[in-house]
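Just one chain is shown here, as structure tokens, and it is the form predicted alone.
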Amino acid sequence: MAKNARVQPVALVVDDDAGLRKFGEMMVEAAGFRPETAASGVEALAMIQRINPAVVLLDLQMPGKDGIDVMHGMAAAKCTAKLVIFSGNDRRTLEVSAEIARQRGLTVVASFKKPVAADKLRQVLNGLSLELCPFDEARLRECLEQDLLRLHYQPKIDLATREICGVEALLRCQDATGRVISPESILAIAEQCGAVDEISHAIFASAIGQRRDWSRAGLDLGMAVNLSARGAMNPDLPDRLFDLCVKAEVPPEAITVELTETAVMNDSLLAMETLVRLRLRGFELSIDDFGTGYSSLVRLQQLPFSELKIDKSFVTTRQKSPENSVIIRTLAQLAQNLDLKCVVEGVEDEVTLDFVASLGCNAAQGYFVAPALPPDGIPRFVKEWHTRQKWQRNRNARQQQQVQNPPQQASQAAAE
């Protein structure tokens, strides 16, 4: 199906700078809008009457009719478009201009000082796109039919050896219009329409198949895959996953099934049985985002987890909130006392990496190591990481040798 098979809302980009018009056009198209552009205020007002845009991206400073004139004309035409304004002027000018628009009855959703940060504009546009054309069951079905669900993989390092030891499979999706859809949105709709088991099976099949392909290429990595709360209630799950592993010739011990803390709060005998049977089949079992929910320590002890994963919300704010270091230390000690492996997510700098390693944590992941990568990026990344670590070890060895065997005096060296 073509991207524009559905009726797309229109976004009008108004700027006298051709380069910025092109930038805006690319951004709105990536968010799922049909882009239109205008090079002047006069052209913009004429187009607004004709195309009835859902969103207008408006530069304030233009020759002839400026952005204020355009806002006046939009108000007079009773235009209901959401308004995003830009200016190279100071922040105060932007704020007053936005207030003028609101006073005239227009809806201002964002204002940006040039140069515009692409990630912030993308966030606003994606939000507007989902507001105007919500991601629903029909769009989810399109994604499934067109195979638009993808997995990216975030590397993990063994904190003892500093080598890559595994990856976590993370869901990524762009719908048929090209919009980026969050995993949370996908799973929420899947819950509503009863497609959770279908999506879970597709995700596990893809992840296990990828693990097989890497193994055949000589790269054996642990594979962690997230499971929804509803998935834990499926008594057929252990057999289905085991069959996938058998067909792909992947040992179940290489697969870690991750469940969030809130997913295991339900004191369901069926869920307990499912988790136990996963362990009996050989799968590792991780409690994800630990410390963010309300499950008791008794509940943690009752379930057959082999791994505890410390949530990134504690890790990324550790230096700003010193008490979070205490929480991380406590959770790491808890994992050790319960004979669980401890994985830390959200590691974004070397100081944090060294800190969690000093606590005896087993593995870590985060932007300091790498973001989530497409499948073909993992082998290359592992090779480059191995090369960097080998170079680092050699450098450390040379430095240690110099400390143990200091160089002779310069005069002696010169004499030789």
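This structure is a prediction, so every number in the text was calculated from the model and none was measured. From 1 onward, residues are counted along the sequence shown.
A second form of this protein, the form predicted in complex with a small molecule, is not displayed here; the remarks below concern that form.
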| property | result |
| --- | --- |
| The small molecule in the predicted bound form reached by all of Ser228, Asp288 and Lys312, non-hydrogen atom within 4.5 Å | yes |
| The small molecule in the predicted bound form: contacting segment from 381 to 389, 55 to 63, 42 to 50, 346 to 354, heavy atom within 4.5 Å | 346 to 354 |
| Proximity to the small molecule in the predicted bound form, single hit among Val250, Ala176, Ile203, Cys173 (heavy atom within 4.5 Å) | Ile203 |
| Of Asp147, Asp339, Glu184, Asp90, the one that lies within 4.5 Å of the small molecule in the predicted bound form (heavy atoms) | Glu184 |
| Any non-hydrogen atom of Leu151 within 4.5 angstroms of the small molecule in the predicted bound form | yes |
| Asn234, heavy atom within 4.5 angstroms of the small molecule in the predicted bound form | no |
| Glu258: touches the small molecule in the predicted bound form, heavy atom cutoff 4.5 angstroms | yes |
| Exercise: Thr316 in contact with the small molecule in the predicted bound form, heavy atom 4.5 Å | yes |
